[in-house]
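Structure 1 and structure 2 below are the same protein chain in two forms, each given by itself as structure tokens.
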Structure 1
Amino acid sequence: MTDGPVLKIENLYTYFYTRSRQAFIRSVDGVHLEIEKGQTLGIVGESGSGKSVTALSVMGLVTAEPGVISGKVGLKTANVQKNLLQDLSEYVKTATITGRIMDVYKDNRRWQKNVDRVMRGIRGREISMIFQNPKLSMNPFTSVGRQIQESILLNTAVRSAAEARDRALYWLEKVRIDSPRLRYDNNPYGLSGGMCQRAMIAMALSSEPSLLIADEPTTGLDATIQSKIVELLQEIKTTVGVTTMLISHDIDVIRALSDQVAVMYGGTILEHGPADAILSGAMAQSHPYTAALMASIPNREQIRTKAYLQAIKGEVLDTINLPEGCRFYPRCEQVTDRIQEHCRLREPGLLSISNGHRIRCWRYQQ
């Protein structure tokens, strides 16, 4: 049963219309991802790289049109084994020109109904989510304890309210909220930012999900609180051992928590593999984008010598007007004469360079 990944995303495409409805924002443009049981996959990328939209697509929470247009999201847990995007092709018609989707017809209303049917019993029960802004994601009028209690009653086998309350207190303690009995009756606004994030994590874990999606769990918190939340997540990883999809723009957070890392840029995966291999920062064995991204963060040596930072030239890719070739080509410093033609004109495929380490770059292709 435990064979195979818990979550397997294949060929996911999620597009949105621009304001003018004349073009697409290609938020997620052909994403492949796998998460093995008990592991943490860190997705790192800049704003607009499509990392959050990938998570929302998995959860079936994309409501803007046209939204998810093709792909497969295979969820395989002890209770459930199905494609979360089943029958998608019945609702969507696409027109492709030179391998790129140029027009979409989608019956969004019927699709939403279908999603809600498919996701029943999965959202919150099999997959839980931690959002960036805990105060906005929790009900401001109900105490945190009660919200966790309700989630337990709804999503687990626990049926009695008293038992659920005990479970809620157990989880509040688990996320190291001090005096959980007191905090139980606090509204989200009565808690500080760090506390509220802890409560949010408790709530996500309380339904004992098979997969936890953490979307920028530390963004917007102060440095000291951030490191505490990272510590908490590390602790939970060892004690609870939940399979996690961690989304962050902060490489440090990803490094601290991930077993596997996927680097996203412009709606696609540029690099996917074991965390150590990808985040080592060695130019020879990683994608130029990953290497440049790591180099642009000041390291101790640079701070000591007050050196200039190695910035990536240009702007973050605008996913409306994709380049014809490699997405990173306009900003890439590693283009050699040998591969220049390829980089400019053709998009490279994901190539496996070592065990489980795949890179989308012409440098590694023959």
Structure 2
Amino acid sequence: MTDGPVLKIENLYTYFYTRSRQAFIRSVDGVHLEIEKGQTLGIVGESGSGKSVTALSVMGLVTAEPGVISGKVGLKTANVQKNLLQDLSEYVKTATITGRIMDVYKDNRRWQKNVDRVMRGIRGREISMIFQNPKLSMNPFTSVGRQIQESILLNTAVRSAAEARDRALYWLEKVRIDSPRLRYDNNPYGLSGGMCQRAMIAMALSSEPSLLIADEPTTGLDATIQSKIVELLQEIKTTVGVTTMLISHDIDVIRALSDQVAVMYGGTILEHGPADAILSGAMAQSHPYTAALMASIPNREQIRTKAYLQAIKGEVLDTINLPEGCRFYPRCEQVTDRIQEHCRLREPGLLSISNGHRIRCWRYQQ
């Protein structure tokens, strides 16, 4: 047993340089998050909000320049207590103007060597990841069973090939894949999308990780298969109890599986707290962006009457050109005369409005 969160992200910045526009894409821009042992943190937001890049930064899988340039990712398990961005400052120098990073020098080659050293024994063993597209993430020339078996041999104390095969079959049965002994010998292209996703989940769990990152685990699946994958993840949450970071566009998936929720927009966290508080739909206690996301979900009456769906006006924020004030200000419909000047010129901090519930909005700070 350990005290404190299993994962604690502090002040994480991950930028990419676009030569065509000669500017930085601020994909992750000062993110703070933590996940307690046994809990599921759901991260929700539109495409381009920084959800997947946050997960890849934790895994040390961001390779494009400049990549992760600042921050701390603390991992604390029964076996490991480590900062996964250890010694980052030795390889990165930044220049700031009015508190914002405007120029970066990074020794990528030496930094990558450092990442490989720090993540040795972590990636795949202490932290596993379910990727968005399992068929592209698995080796197309090797059977799924052999791939799970290899993961077990690399990341657990099992050293016998026969025992590893038995464990691989156990996990295929655990994820309720149809005919696990038959599927063991199938290559990924021989499986349906739903079966391949189950095989990917089995591989991620086979090393019995302390932290599981699930990046859009239901994307690309039809509605029936999506519901079955959600049921499977609910069962795993109950029986295995693995600490999980869940990333999804689907708020219903987040609602079904999450204990805590973080709402991301423009590379930062706009709201964070208990799932029931954030996803309740109560506009009076929500960030305007969260309220707009919730309002965009069709209800039964809209479906029955074939009414138009409510959309969030405007375009997703271009993280190359961040505004001086609130990032959601250009699209916000809850700005009042009282706070308009603050919204336009100053970015609000994350303010605690109740136990564990924090919101980045001037409506609550004035």
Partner chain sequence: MTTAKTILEVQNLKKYYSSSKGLFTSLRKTTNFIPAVDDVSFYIKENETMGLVGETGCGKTTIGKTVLKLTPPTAGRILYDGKDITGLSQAGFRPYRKQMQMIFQDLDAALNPKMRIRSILKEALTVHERPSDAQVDRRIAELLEMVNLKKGKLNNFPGELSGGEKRRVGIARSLAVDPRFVVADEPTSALDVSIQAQVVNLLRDLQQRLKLSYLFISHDLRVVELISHKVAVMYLGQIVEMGMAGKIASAPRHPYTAVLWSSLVDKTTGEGKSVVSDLEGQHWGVFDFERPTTGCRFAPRCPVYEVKGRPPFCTNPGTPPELHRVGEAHMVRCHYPLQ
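Quick note, the numbers are simply positions in structure 1, starting from 1. In this text, the rigid core denotes the largest set of C-alpha atoms whose superposition between the two forms falls within 1.5 Å. Here the structure is a predicted model, which means the values were calculated and not measured.
K.L.:
Can you tell me whether structure 1 or structure 2 is the form predicted in complex with its partner chain?
P.N.:
Answer to the question: structure 1 is the form predicted in complex with its partner chain, whereas structure 2 comes from elsewhere.
K.L.:
Relative to the superposed rigid core, does residue 355 relocate between structures 1 and 2 - that is, does its Cα move 2 Å or more?
P.N.:
No, the C-alpha position differs by under 2 Å between structures 1 and 2.
K.L.:
In Å, how large is the C-alpha displacement of residue 19 between structures 1 and 2 after the rigid core is aligned?
P.N.:
Its C-alpha moves by 3.1 Å once the cores are overlaid.
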